[in-house]
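A single chain comes next, written as structure tokens; it is the form predicted on its own.
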């Protein structure tokens, strides 16, 4: 068992901090108080650290996106693309809420978001590192260590979830150096209130994705409902709006270049502390393969849905998600080509290793052990990529989930794999139900056949041990779809609770395939446990040393993002992506008109074009720009998962929503370059202007508390 060299929180005192870099845990903010004051944030750092106080008490997660309460009746604002599943779920060719938008004028008209649309309110965070580490012994194998951590975290979660209103988790920080138990109230009845047309919410589409200048009104509204007792409840007409204790005041006063901003949300994953070897693997192997695979899958979906609006609607969310991942991955590759981050990390890694070698009393062999663990991780990652290519079928994924659930049901609940315990059943059922809105048999068949052919062409290092002989031949796949009932929602859901013997005896083709592939899948999973356990053994010790090294240089330390609540801060700022080119921090509605071609994705609603032509700007005109701002840039440190994050002014008032980064910024997940890294936000004045002039969403505006500019 290792001892801490230093706790990350204490590293932040008396350091020189740049305002833009850092995705800080709320409890770290008091040690950044002087920096917050320096850039002009008026809210005391101690208040920002308190999850029970405004504004942090108004910040929520959607389980993959961020959001915030903007009224005391559970009204939530987030990005349009974060509510896209709820929009698509309710859309039909006759009522295409994707292209036409949706507005509930009364609460009775609000539409169900579906079982996958949830609101999480974080109310408690506690350091449980000592309890997790107490279960670990130096002599453990990688798999034993992995399972000991899993057992400890499951126990911590179980004692936290004695009340069903809470969902708890125990994520690791600094790659296993620390563990925090996070308790969240999980609201299960969430309804769609208002979403603009995608001609506003996704203006510019994939062409403009990650680009600047940008002109996207990426916003939507949801509402959280609970039982009459105020506790989370399953969806019901009897439920009432959640009474949110705190909510954000919406400020239409706006920002100007150089103004400070706070941003709070749930960033997904960053890799700032990974080694040069890991960067080169991503740059030279993993990311190129991923881009090729994603593009190939998109091409298959496009061909299979061509000519059918109904099919296109069903796969709209799927294609949108794949496109977003692909453009980000390509952006990472382009960023690695533009700046040799691996070489930069080589210099840092060399300096660290030199410092480490000079320290008395450091355990020998740590760095050699680290390098060996990373090499094993890379080798196994190749096989896991191959598995994802070979199993590119939603029906197969559903069948495998159901069979695995049956296998795990033979064990006591505490011994089941995470994701297959009793606490997970509602999520499994929700995923299986969700398929009803995003599945067409002939499209799934086309994706599966194409995936099998691509898998066959992969290098042998990417072929999964023991898998090839078990897979169907591509020409045999169409017959599988004629011999399965899993495409029917009721039949699919009906397998929940069946034992493994029922699966083994089934004549359903996809159930049979899932049973046949199970051994290879479990073998791959067991090898992953061994690799991860070895990583968890060495990386925390490595991170201890890295933290001590940074402390010796007077540098602050924040954990990599891991989908937990974080705060970043910075300023409204232009940037220069390359020599001789400077881009300002604001775009305006005039840019929408200039981009409008009448052809997708640059089709603006006529009502918007008319309002701009008539200069009906009202209270939302910017005094410097002379028009309505649409999007703006800041130096805030963001990543995926920050979509929908509240962008607040110096007083904690909502002035924007985060939704993207510039293309040049994508590599910030690996290395933060403060000169070119910029986050893209929607200006709240544009949202309010669209609500008034285009969609006439006056009922929503009235519900919020809006602070207008002084006349």
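Being a predicted model, the structure only gives us computed values, none of them experimental. Residue numbers count along the first chain shown, from 1.
The following text describes the form predicted together with a further copy of the same chain, which does not appear among the structures shown.
Of the listed positions (212, 455, 146, 247), a single one reaches within 4.5 angstroms of a further copy of the same chain by any non-hydrogen atom in the predicted bound form, namely 212. Think of it this way: in the predicted bound form, a further copy of the same chain has a heavy atom of just one of 154, 431, 583, 423 within 4.5 Å, and the residue is 583.
A residue is said to contact a partner when one of its heavy atoms sits within 4.5 Å of a partner heavy atom; residue 392 fails this definition for a further copy of the same chain in the predicted bound form, lying far away. In the predicted bound form, at least one heavy atom of residue 591 sits within 4.5 Å of a further copy of the same chain.
Of the heavy atoms in residue 516, none are within 4.5 Å of a further copy of the same chain in the predicted bound form. a further copy of the same chain is not drawn, but in the predicted bound form it has a heavy atom within 4.5 Å of residue 578. None of 538-546, 396-404, 263-271, 583-591 except one has non-hydrogen atoms within 4.5 angstroms of a further copy of the same chain in the predicted bound form; the exception is 583-591.
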